[in-house]
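The chain that follows stands alone, in the form predicted alone, written as structure tokens.
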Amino acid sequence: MKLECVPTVSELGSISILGQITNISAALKEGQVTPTELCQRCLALIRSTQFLNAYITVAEETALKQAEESEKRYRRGQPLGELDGIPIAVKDNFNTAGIETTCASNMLKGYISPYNATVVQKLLDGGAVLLGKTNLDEFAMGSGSTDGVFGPVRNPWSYSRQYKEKIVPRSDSEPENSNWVITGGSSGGSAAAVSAFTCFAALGSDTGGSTRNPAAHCGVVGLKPTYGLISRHGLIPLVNSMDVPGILTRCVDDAAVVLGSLAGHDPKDSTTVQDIFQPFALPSLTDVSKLSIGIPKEYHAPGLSSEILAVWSKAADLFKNAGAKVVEVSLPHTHYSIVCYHVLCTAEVASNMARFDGLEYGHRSDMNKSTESMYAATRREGFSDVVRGRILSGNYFLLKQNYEDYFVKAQKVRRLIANDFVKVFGSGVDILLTPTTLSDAVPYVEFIKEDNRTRSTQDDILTQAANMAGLPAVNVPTALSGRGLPIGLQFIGRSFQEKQLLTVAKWFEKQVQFPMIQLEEVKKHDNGVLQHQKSASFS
């Protein structure tokens, strides 16, 4: 079975947890499956894949109540929409009323928000069933989902038949489980949750690639919408000028469905676009001859693996052979973007993290000598070295004597980077095609040999420019590497042209037929649906 969005039905006639949202929604309407059955099956999978550490909080009781309410609506023939009864998960940096929101930090352990983030509220208003909150790097600062206080997230592909067949143990002295690979980050918990079939869609956040990077490593679709299309209200901020809620699903059509329920103006977020958003169903593109696909030469970056380069090249040929115009383009300021991103990111982090002072919410130190000593002790105890390091960097760049040389200069370079994209799209290019990551997922024991800042600089290099320009971008799983791990490619579109971007991504997804992950845990819970899988590979 290939990862196309096709309904999958088990031998027992029940609807599979592997299906597409629209097909599951139709099955719910026809009574082939109930929201409670779907919810219970996902909760069972969460329990059996607990070793992945994808979830920080599982809201079992709440989820079952929401599923029960959904069931009543279906019985009355009044479902709220396509997401009614669909189990979803949310990254633990979105506020959820009644469910703990920790940002994977000691600073917010035990914090329960009095309100829902707008995107969470919109999902609940559409009848979605919230299974729980997913793991991440502390305050979303990282690219591996390894630096949160609840421990690292394990990539489901580490336990897949595809990877196990290819893996060669590094030495006899090392235990077999030391070969597990990272999910990428910082939305690794959400990517793992979707990849392991524990939910149908998950929310991540994307500041410099935090949705697309783990999507690439976990073999799922990861959409970063245009800045301002989806509300940030209730997303605990990292970098206000770049943060966007991201969408993780198993296929492009599902991403469009979720986008349709989330997009649009929010009076609580002044950066959201005023125009009314019209949800759309993606057409099945048959003719790509009118498309112009740009291949940015600067994305052939140092460190790009030969395997990913080959997949990128084959993808360009795929468009060319289908009649599309494929042109090499230049984004000349890309070279400066990662340094520029680092300056702006840490400066905004320093500002945003000032709110965690131990006075109003979150952790508060017992130190009581003075208010100042309490502040200092609270932040020392509550934040990890990674977070404290970024705060220090940001404050350095914002010092009066450094402000012009660093922060202001970085803002000017950001404008040049955004203008590069404007010029390329103005030249007639419709979509840019790039790699998402420099390589496939690395083993955890290798990943932690380098510090967080070095890793993030390497891992964000191909993704953060889209955030600085505010453009929509999507990762599409494309092929398996020689190690049996996912490789994804990134499509970058014009501002607010999500429909065109996702239509092209859907065409590409259909052509490459990325193979479905083969997991023993899923086999047990899906009544033998995975018994007869075939592997297809675009490599």
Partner chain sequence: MAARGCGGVWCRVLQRGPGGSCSASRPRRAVACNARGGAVPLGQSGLAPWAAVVGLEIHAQITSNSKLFSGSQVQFAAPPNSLVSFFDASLPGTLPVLNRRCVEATVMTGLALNCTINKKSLFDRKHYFYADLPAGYQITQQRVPIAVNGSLSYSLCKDNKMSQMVTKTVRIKQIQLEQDSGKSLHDDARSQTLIDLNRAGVGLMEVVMEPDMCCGEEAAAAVRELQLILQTLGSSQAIMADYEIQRQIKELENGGTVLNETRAFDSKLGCTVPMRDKEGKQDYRFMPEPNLPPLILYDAKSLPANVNHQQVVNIDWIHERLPDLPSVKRAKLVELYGILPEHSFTLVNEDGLMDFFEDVVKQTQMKPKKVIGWILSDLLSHLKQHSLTAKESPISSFLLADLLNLLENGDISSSAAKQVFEELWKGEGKTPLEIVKEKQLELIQDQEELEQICQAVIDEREKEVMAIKGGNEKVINKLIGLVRKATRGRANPLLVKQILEKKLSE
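Residue numbers count along the first chain shown, from 1. If you're wondering where the values come from, they're calculated on a predicted model, not measured in any experiment.
We do not show the form predicted in complex with its partner chain, though everything after this point is about it.
Only one listed stretch (188-196, 154-162, 268-276, 423-431) carries heavy atoms within 4.5 Å of its partner chain in the predicted bound form, and that stretch is 268-276. Proximity of K325 to its partner chain in the predicted bound form falls outside the 4.5 Å heavy atom cutoff.
Using a 4.5 angstroms limit between non-hydrogen atoms, S241 touches its partner chain in the predicted bound form. The shortest heavy atom separation between Y74 and its partner chain in the predicted bound form exceeds 4.5 Å. In the predicted bound form, at least one heavy atom of G234 sits within 4.5 Å of a heavy atom of its partner chain.
For the three residues Y227, R355 and F407, a heavy atom within 4.5 Å of its partner chain turns up in the predicted bound form in every case. Though its partner chain is absent from this view, in the predicted bound form it lies within 4.5 Å of a heavy atom of just one residue from K412, K400, K449, K290, which is K400.
Contact with its partner chain in the predicted bound form, defined as a heavy atom within 4.5 Å, holds for exactly one of N95, N467, T249, S105, namely N95.
Contacts between 312-347 and its partner chain, taken as any heavy atom within 4.5 Å in the predicted bound form, involve only A347.
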